[in-house]
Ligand SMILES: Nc1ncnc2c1ncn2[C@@H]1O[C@H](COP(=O)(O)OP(=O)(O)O)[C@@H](O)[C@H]1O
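Heads up, the chain below is alone and in the form predicted on its own; it's given as structure tokens.
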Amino acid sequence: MTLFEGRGVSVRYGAVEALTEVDIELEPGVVHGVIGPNGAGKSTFIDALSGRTKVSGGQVWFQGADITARSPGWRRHRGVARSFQRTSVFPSMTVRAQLEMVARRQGESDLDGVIEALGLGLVLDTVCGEIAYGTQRSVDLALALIGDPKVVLLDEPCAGLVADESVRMLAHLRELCQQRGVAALLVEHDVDGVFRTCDRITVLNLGQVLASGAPADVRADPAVVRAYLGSAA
């Protein structure tokens, strides 16, 4: 069952076509990865889906309704959450204060479950500016998952993490999405992590879809190997 969909999403900046008719479908409990070389249009795509960037063509659909013109705040309130490449934590607030503030705003009924799933119990009363960067990224993911969103759009949640931290982060993400039935889009430079975590993968190159499908099929696609995986491996 398709929960969230981009249909022919295009974004132009003047004469530059950043995205050209990109399609994607997100389903409950499924993690869909988006990878590609630098400049492929990955961040532009996630900005377009989240409402931060106005599309030049195509539509964004959520639960059967066209939400292309809706604001990021409207989308978040109704169940479409996102994270950013840079952490969005408040350095001077404790982890507990931040999580509880967002939980009240989003009507989260199981904050303890989110805290436990991401292993944040031991740092709840620590100021965010004093916790390790990897833990800050976990707080970021928790903030995106609070309020029981139906869709999460994640822009490089493992940015700045070392290999073992990235493994743990993506494992937490997959587990939470499956447990909560969340449809997730994951934009990530950790290619091995994407292939290990995602159920489906779309490869962008120069703003266009190069390939999309099951991880094994995408990894074996000659066009993907030539354009991206050959140098990324």
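Throughout, we count residues from 1 along the sequence that is shown. All figures in this text were calculated on a predicted structure; none of them were measured in a lab.
In what follows, reference is made to the form predicted in complex with this ligand, a form of this protein that is not presented.
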In the model of the complex, is there a heavy atom of this ligand that lies within 4.5 Å of any heavy atom of residue 40, even though the partner is absent here? yes
This ligand contact in the model of the complex: residue 22, any heavy atom under 4.5 Å: no
Are any of the heavy atoms in residue 44 no more than 4.5 Å from a heavy atom of this ligand in the model of the complex? yes
4.5 Å heavy atom contact, residue 18 to this ligand in the model of the complex: yes
Partner absent here, but in the model of the complex, which of 194-202, 178-186, 164-172, 32-40 has residues with a heavy atom within 4.5 Å of this ligand? 32-40
